[in-house]
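The chain below stands alone and is given as structure tokens, in the form predicted on its own.
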Amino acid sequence: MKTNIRNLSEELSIIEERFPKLRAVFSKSGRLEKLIGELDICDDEGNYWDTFDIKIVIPKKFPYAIPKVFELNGKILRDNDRHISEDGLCCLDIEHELLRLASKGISLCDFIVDKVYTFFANQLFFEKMGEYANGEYPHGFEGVRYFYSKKLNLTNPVIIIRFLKLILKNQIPGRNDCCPCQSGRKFKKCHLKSFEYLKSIRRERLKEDLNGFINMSVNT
């Protein structure tokens, strides 16, 4: 699989320059285990806001697995609405987005900039404004449902179930076939991109979604 990620030494060099308070910790075998230290947060104009003590744990299957990020000094209230667990594990994004990122290979530097830094900046924005800068996903399965609606333009649970079953059976329509959503449009001009996105997600996650939408349909 081709990726656009840099080699690790280049990544760490860029991280050291951009985030000098983070240090790399290696195992005895030389594998990068974690980054630990302080992360300074500034606003868009470069004004200093605050500093967080963090730990970024690097999984063995990285770059094709998602790092875990912990806030260590308890500055963020441990609460579901703040998207952080009791032990400081940070929910950086909905799992689908992170899994898709991992399927392509994660650039560690880009991950810190796009996911980690953004998470902590958003936490400070919330403290100042009482809301997140770019909104947030609802908790639990409602967040999954919201994701399918906003990201994939899929709102009808019956259609979503049909899509997921086709993908899990690897029965993908041809580009010029009628779209399975029954809109009457060709697949390539309707939900092709949604299918391609879902195909990049791990099957275990798709099976969870399928069961969730089935249960929702039964209880509706």
Partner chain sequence: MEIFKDYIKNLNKVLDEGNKHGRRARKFLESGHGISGLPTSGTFSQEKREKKEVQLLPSLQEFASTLGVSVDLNQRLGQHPDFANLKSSRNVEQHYIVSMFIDIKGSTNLFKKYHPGVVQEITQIIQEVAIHTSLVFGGYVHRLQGDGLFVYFGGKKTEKKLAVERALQNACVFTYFVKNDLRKIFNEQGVETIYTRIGIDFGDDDEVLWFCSGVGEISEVTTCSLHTSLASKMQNYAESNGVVVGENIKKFSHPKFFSPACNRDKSVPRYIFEIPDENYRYTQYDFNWLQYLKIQPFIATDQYGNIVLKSKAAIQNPENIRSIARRNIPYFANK
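This is a predicted model, so every value here is computed, not measured. Positions refer to the first chain, counted from 1.
If you look for the form predicted in complex with its partner chain, you will not find it shown, but the lines that follow are about it.
- Contact with its partner chain in the predicted complex holds for none of 170, 177 and 211, as no heavy atom of theirs lies within 4.5 Å.
- Although the partner is absent here, residue 192 is not a contact residue: none of its heavy atoms lies within 4.5 angstroms of its partner chain in the predicted complex.
- Contact annotation for residue 51: at least one heavy atom lies within 4.5 Å of its partner chain in the predicted complex.
- Looking at residue 107, you'd find every heavy atom of it more than 4.5 angstroms from its partner chain in the predicted complex.
- In the predicted complex, residue 138 approaches its partner chain with a heavy atom inside 4.5 Å.
- The stretch from 184-192, 34-42, 160-168, 57-65 that comes within 4.5 Å of its partner chain in the predicted complex, counting heavy atoms only, is 34-42.
- Shown here without its partner chain, the chain has 80, 83, 84, 85 in 69-87 lying with a heavy atom within 4.5 Å of that partner in the predicted complex.
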